[in-house]
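Have a look below at one chain only, the form predicted alone, in structure tokens format.
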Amino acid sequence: MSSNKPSLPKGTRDFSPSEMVKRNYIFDTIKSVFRKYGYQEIQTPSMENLSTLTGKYGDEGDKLIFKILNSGDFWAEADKRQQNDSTFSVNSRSLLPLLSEKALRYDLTVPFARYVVMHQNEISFPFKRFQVQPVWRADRPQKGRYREFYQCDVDVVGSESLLNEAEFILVYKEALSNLGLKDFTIKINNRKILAGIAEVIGKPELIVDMTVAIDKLDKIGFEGVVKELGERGFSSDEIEALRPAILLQGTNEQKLSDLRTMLAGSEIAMKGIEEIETIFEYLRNICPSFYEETQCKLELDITLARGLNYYTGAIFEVKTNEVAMGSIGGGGRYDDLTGMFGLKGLTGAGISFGADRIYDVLEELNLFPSDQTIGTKVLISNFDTESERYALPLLNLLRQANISAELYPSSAKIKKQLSYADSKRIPYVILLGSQEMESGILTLKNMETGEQTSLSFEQLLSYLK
């Protein structure tokens, strides 16, 4: 049997014990904020029926769905279909149901909508849930962009109140501040405003093409957006009419005022502007100091489009200003998502944290707390059978006191045991020799300073706590 060189699929990663401690620090910090705002945790399967996912993310998103190959001889099934159905032709579209009926989830929002519809008789509305699980996208891997990554989602369904959107802004502010970020921007827009812009320039049927193009402003610049709009069917006059909206400047209040003038003829745009103003008013009432704080900036950005087709109201995107990184969060309102699964008239809204990008940001800024890297806190040395027997009750008592402890599993020279403690970054080692066993006074070695202290077991417990 030939041996293969071990490797990972591009865009995926292993996580070491020290990395998992840091990742769990992110998850636990974010989850604690979710719970504070009244959200409860659920989980959904890694795979969904392909029909559940397709058609929810737009054409570009659908291309990035990882499909799962069916088991069995699909080619024989295709031959059978062709023999029994003269209209059946073999092509990529007709073969897809035979090749794949399931897919890895692309995000957590669509599976959540499916969950709500399937469990509607078991849950109370408004239903507030959070979910922290991996998702998969067949994207081109690059810095901060992976094919397998975790999302931390928080959603509410069954409530039209814009208080939810205001609280999402506060959730972002609190969670990211708790993680140590000191300069980040929460961008907000409304899909109704974008629909109004498309309406005013006479291209309501091309709203998706318009939003996909202008959403790339940060990446390709205005001239690049102009080129893409032209390729998507917009005339030079229509593009020129878009210019003031795309290049809107000033404070949030100035932008809203300009939009009211610019889009006065669009009823749907006025509705979107009113929704933004209501969210801002909620923020002022809940947290009067919000606009005075410097680490979190709230910016109305008309070019923000959030390419996913299911958004219908306010939309969000979060970026850190401390390092070069793409968005570390985003979301919005989706009034008709559950309708795709047969449950009409149920509005929803939600946001997501990009945990993997947040990890990279915290790592680059050295923001992980030093004590978060500790796994085992104390190692008990093991020199012979007698010391091992003496150590076992101590090991149990340490663990009962909620102190993470381990006993070196076999007798060995002290150098080897200390090297083991160093490799695992264990901060303390109990040196257990004949003198310690006779006197009951234990020697505790600080692995960072090298200092050794003699302590009774009671003093040791107090010290380690």
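The structure displayed is predicted, hence computed values, not measured ones. We call the rigid core the largest set of C-alpha positions that still match within 1.5 Å between the two forms. Numbering starts at 1 and follows the sequence shown.
Note that the form predicted together with the RNA isn't included here; everything after this is about it.
Trainee: Only one of these stretches, 189 to 197, 245 to 253, 390 to 398, 322 to 330, has heavy atoms within 4.5 Å of the RNA in the model of the complex; which one is it?
Mentor: Of the stretches listed, the one contacting the partner is 322 to 330.
Trainee: Lys182, Lys344, Arg260, Lys143: which sits within 4.5 Å of the RNA in the model of the complex by any heavy atom?
Mentor: Flagged contact: Lys143.
Trainee: Considering the RNA in the model of the complex, which of Lys203, Lys216, Lys271, Lys377 comes within 4.5 Å of it through any heavy atom?
Mentor: Looking at Lys203, Lys216, Lys271, Lys377 one by one, just Lys216 meets the 4.5 Å heavy-atom criterion.
Trainee: Is there a non-hydrogen atom of Arg306 within 4.5 angstroms of a non-hydrogen atom of the RNA in the model of the complex?
Mentor: Yes, contact at 4.5 Å.
Trainee: Can you check whether Arg284 is within 4.5 Å of the RNA in the model of the complex, heavy atom basis?
Mentor: Arg284 lies outside the contact set for the RNA.
Trainee: Does the RNA get within 4.5 angstroms of any non-hydrogen atom of Lys445 in the model of the complex?
Mentor: Within the cut-off, so yes.
Trainee: Check Glu60 for me: does it contact the RNA in the model of the complex (non-hydrogen atoms, 4.5 angstroms)?
Mentor: Answer yes; at least one heavy atom of Glu60 falls within 4.5 Å of the RNA in the model of the complex.
Trainee: What I'd like checked is whether Lys22, Ile26 and Ala241 together line the RNA in the model of the complex, meaning each has a non-hydrogen atom within 4.5 Å of it.
Mentor: No, the candidate spot makes no contact with the RNA.
Trainee: Output the sequence-ordered list of residues from 183 to 205 with at least one heavy atom within 4.5 Å of the RNA in the model of the complex.
Mentor: Counting only heavy atoms within 4.5 Å of the RNA in the model of the complex, no residue of 183 to 205 makes contact.
Trainee: Quick check on Arg232: with the core superposed, does its CA move 2 angstroms or more between this form and the one not shown?
Mentor: Yes, the C-alpha position differs by at least 2 Å between this form and the one not shown.
Trainee: 2 Å or more on the CA of Ile441 between this form and the one not shown, with the rigid core superposed, yes or no?
Mentor: Ile441 C-alpha, core-superposed: shift of 2 Å or more.
Trainee: So with the core overlaid, does the Cα of Asn24 end up 2 Å or more away between this form and the one not shown?
Mentor: Result for Asn24: no, shift under 2 Å.
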